[in-house]
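As structure tokens, one chain now follows by itself in the form predicted on its own.
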């Protein structure tokens, strides 16, 4: 059963989970597990691997919930980032290529929540973030959006743009530094 929590309620539940409150952790899980499964499934294209990564994600959330800082990120952004990073780590480990199934099979799995792009567009800081992303050149802004919203790996981006991997990493790193400076000002 999925429950709906506001941003503040989710932040509070994460804080309580960080103090060892299992009921609060359960509320976090119930409110976010469908969305995070969708994120991992989009990246891995294998339900079993996505579920394994989801379990790893919640183990990380349980151990690191106390370090969540609502002033730095929204709770769903923090959770999606953990899930995305775990899924990309699994993808890079090669486990996904050994057991992958066609992505077409994932269309039957419902993800009733908004996509990461839609969630970003409805967030509190979207105007500011979009303003700052708009200050970046199109190539860098596009690479950052593709990597962090769509979950595309740096290697795949480098291939798409026909540039060396190091060049892509440099574009994104410099773009993130400019983005951070803009958001902090």
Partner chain sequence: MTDPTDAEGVDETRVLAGELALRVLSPAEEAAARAREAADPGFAAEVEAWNEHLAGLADATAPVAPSPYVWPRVEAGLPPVAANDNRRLAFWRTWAVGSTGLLAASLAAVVVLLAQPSPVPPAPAPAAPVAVTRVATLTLENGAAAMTIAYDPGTGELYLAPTNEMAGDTRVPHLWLVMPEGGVQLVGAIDGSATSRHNLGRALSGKAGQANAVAVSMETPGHTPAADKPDGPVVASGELQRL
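Numbering follows the first chain given and starts at 1. Quantities reported herein were computed from a predicted structural model and do not represent experimental measurements. Here, rigid core means the biggest group of C-alpha atoms that superpose within 1.5 Å across both forms.
Quick note: we don't show the form predicted in complex with the partner chain, though the next part is all about it.
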Query raised in the report: residue 133: heavy atom within 4.5 Å of the partner chain in the predicted complex?
Result: yes
Query raised in the report: Does the partner chain get within 4.5 angstroms of any non-hydrogen atom of residue 172 in the predicted complex?
Result: yes
Query raised in the report: Might residue 39 be said to contact the partner chain in the predicted complex, defining contact as any heavy atom within 4.5 Å?
Result: yes
Query raised in the report: With the cut-off set at 4.5 Å between non-hydrogen atoms, does residue 9 touch the partner chain in the predicted complex?
Result: no
Query raised in the report: Taking the partner chain in the predicted complex, which residues of 133 to 169 have any heavy atom within 4.5 Å of it?
Result: 133, 144, 145, 147, 148, 149, 152, 153, 154, 157, 169
Query raised in the report: After the core is matched up, is the C-alpha of residue 172 off by 2 Å or more between the shown form and the other one?
Result: yes
Query raised in the report: Is there a C-alpha shift of 2 Å or more at residue 50 between the shown form and the other one once the rigid core is superposed?
Result: no
Query raised in the report: Are residue 69 and residue 134 closer or farther apart at their Cα atoms in the predicted complex than shown, with the shift being 3 Å or more?
Result: farther
**Report entry** Closer or farther: C-alpha pair residue 45/residue 145 in the predicted complex, relative to this form, given a change of 3 Å or more
**Finding:** closer
